[in-house]
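Given as structure tokens, the chain that follows is alone and in the form predicted alone.
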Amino acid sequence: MTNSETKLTKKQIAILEAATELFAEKGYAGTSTSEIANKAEVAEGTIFKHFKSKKGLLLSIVSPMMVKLIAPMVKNDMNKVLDQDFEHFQDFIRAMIENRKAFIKKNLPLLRILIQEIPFHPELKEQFIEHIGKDIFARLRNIVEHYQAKGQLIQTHSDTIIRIVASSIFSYIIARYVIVPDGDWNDEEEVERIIQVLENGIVPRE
């Protein structure tokens, strides 16, 4: 990289900020480079000069964000919960939901892009697994095995339990903050219903 590439110009910053806002609002496929150019107040050709393509622009937003911003924040933020020793698995779930809600509220535009685009761009999925998924999964496996040893979770593969719990938490959070944020939500009741559903499926019967 040349010095001019490593230090962003005002136009490059304007393009990245405009693209972040539009990608978050309309999605990658629903945003044209002309819209980004208009919002950034630059010529459309300037986008291709600096980022080569719309895909290159997306990766320029997400790749550094994943490595320098999202990965450390996700790990550090989740460690606040993972480092605690909750007596009951249900209390761990409540803390994890509150933790993820707070994190998403602070980083909604960038995370909206990730949620929308990871399924369609293998590069983003690979980066997510490499920089976030591996470390977090290893810690979650230990936690699941801890509660299994206490008799609070059924004896099945820990990855299965992680996927069931994660899908329950993130389907609620994505619906709450991305899909229907203006819905008539009672967050406390919703969290308790999630825990009740999980209890019926992964907590041993008395």
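Not measured: the values here are computed from a predicted model. The first residue of the shown sequence is 1; numbering continues from there.
Keep in mind that the form predicted together with the DNA is missing from the display, and what follows is about it.
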Give a yes or no on whether each residue among V81, N99 and K106 has a heavy atom within 4.5 Å of the DNA in the predicted bound form. no
For the DNA in the predicted bound form, the stretch among 150-158, 165-173, 25-33, 136-144 with residues bearing a heavy atom within 4.5 Å is 25-33
Would A43 count as a contact of the DNA in the predicted bound form, using a 4.5 angstroms cut-off between non-hydrogen atoms? yes
Against the DNA in the predicted bound form, would K54 count as a contact residue? Criterion: heavy atoms within 4.5 Å. yes
Residue-level contact is defined here as any heavy atom of the residue lying within 4.5 Å of the DNA in the predicted bound form; does K11 satisfy this criterion? yes
At 4.5 Å between heavy atoms, is Y177 in contact with the DNA in the predicted bound form? no
